[in-house]
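Starting off, we have a lone chain in the form predicted on its own, written out as structure tokens.
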Amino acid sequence: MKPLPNFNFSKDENGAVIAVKGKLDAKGASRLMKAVTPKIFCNSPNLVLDLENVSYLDTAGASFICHLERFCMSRGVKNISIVNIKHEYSNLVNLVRDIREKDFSDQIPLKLSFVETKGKRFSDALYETKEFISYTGEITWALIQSFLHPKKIRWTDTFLVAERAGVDALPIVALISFIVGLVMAFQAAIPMKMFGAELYVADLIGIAMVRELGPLMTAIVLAGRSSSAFAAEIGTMRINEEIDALTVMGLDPVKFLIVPRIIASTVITPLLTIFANLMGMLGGAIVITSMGYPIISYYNEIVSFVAWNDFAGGLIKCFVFGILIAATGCIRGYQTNSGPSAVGESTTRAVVTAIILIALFDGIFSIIYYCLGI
């Protein structure tokens, strides 16, 4: 433990003398303030603060000295003298005194009106959109160059990211898909049972999981799990200036960090979707078998109703969703600003942006498939 400072208080006909000894840091200054304050009620016109035996003084100690001066003046002490202070300590005290005497009222931001606030937010949104599009173009060009020169891709990191984003995500994807298939089967079985057509629940589960729910649920899970992780990783590197260090060393941060993540996410998302489709159908199978139908009837119904173009249409979505998930997380991480909450904000923005883009592109695919008759 650091030794706490102490002081000696004496009084003569010329005034009071406070001699401080030890280290004046934050803890020591707080202790001295509590101990010295009662001594100021001596009604002495003069006060001498002797700092000859002070072995350490930082900004907290300098603030204590300035605060003590003001406190003494408020108690009627006319003359306050600081003696035997070291030169470096004197400069620090003068610096703190100058800062405390400055008027910072002109630095308070002006309160904007309603129109100005909305205009500023709209301007910030336009700038952010422009920056997002710029990063998208840069990533697209880096991907094209990487595919033209595949040996330059960091395959070791790509496989590592694929393992963390894919293999480690299997349990949560399996659980959510299984529950979705189970709930859908139960809900669909209620009206189907009125017509004695419970077996046709298999058609609903098969087509819904393969075309829509399998890709969509997998993408949303990866948006919350992988996109946020990418944003946090790259955002932390941005704050620690590791990305600037890569640039100084002549390495392209986009090719070094973002391309492996996009490739891994693009490959792993369709594989997870296939697994999610199977788990969703398994959840529906449990409901159908509980109603007395054999599992082979459920299987034959799905095989006869779900076509290969339905399966291919869902997988095409997955490739696009994988690109969106990884690119959004990396871009939001790349846009991280300085500050204690910057990484958290980038992570939140990455998840929100990824989910919005997934929903938007899912709607676009639905329109395209409808127009093509798929």
Partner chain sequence: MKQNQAAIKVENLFAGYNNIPVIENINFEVLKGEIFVIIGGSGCGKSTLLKHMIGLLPPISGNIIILGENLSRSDRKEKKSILQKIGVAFQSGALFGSMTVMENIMLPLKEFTSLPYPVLEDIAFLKLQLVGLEKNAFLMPDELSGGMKKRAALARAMALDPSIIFLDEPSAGLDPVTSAGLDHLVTDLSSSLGITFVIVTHELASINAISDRIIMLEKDAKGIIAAGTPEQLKNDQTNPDAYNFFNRTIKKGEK
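Residue numbers count along the first chain shown, from 1. Bear in mind the structure is a predicted one, so any value in this text is a computation, not a measurement.
What follows is about the form predicted together with the partner chain, which we do not show.
**Student:** Within 4.5 angstroms, counting heavy atoms, which one of the listed stretches 221-229, 279-287, 247-255, 192-200 is next to the partner chain in the model of the complex?
**Tutor:** Looking at the other structure, the answer is 247-255.
**Student:** So, K130, E212 and S297: all three within 4.5 Å of the partner chain in the model of the complex by heavy atoms, or not?
**Tutor:** Checked in the model of the complex: no contact with the partner chain for any of the three.
**Student:** At the 4.5 Å heavy atom threshold, is N240 in contact with the partner chain in the model of the complex?
**Tutor:** Residue-level check for N240: yes, a contact with the partner chain.
**Student:** So, in the model of the complex, is R154 in contact with the partner chain at a 4.5 angstroms heavy atom limit?
**Tutor:** Within the cut-off, so yes.
**Student:** Find out whether any non-hydrogen atom of E163 is located within 4.5 angstroms of the partner chain in the model of the complex, and reply yes or no.
**Tutor:** Close contact is absent here: in the model of the complex, E163 is far from the partner chain, nothing within 4.5 Å, heavy atoms only.
**Student:** Determine whether any heavy atom of D98 comes within 4.5 Å of a heavy atom of the partner chain in the model of the complex, and answer yes or no.
**Tutor:** Flag for D98 set to yes.
**Student:** Scan 121-138 and note down the residues that get a heavy atom within 4.5 Å of the partner chain in the model of the complex; none is a fine answer too.
**Tutor:** Counting only heavy atoms within 4.5 Å of the partner chain in the model of the complex, the single contacting residue of 121-138 is E138.
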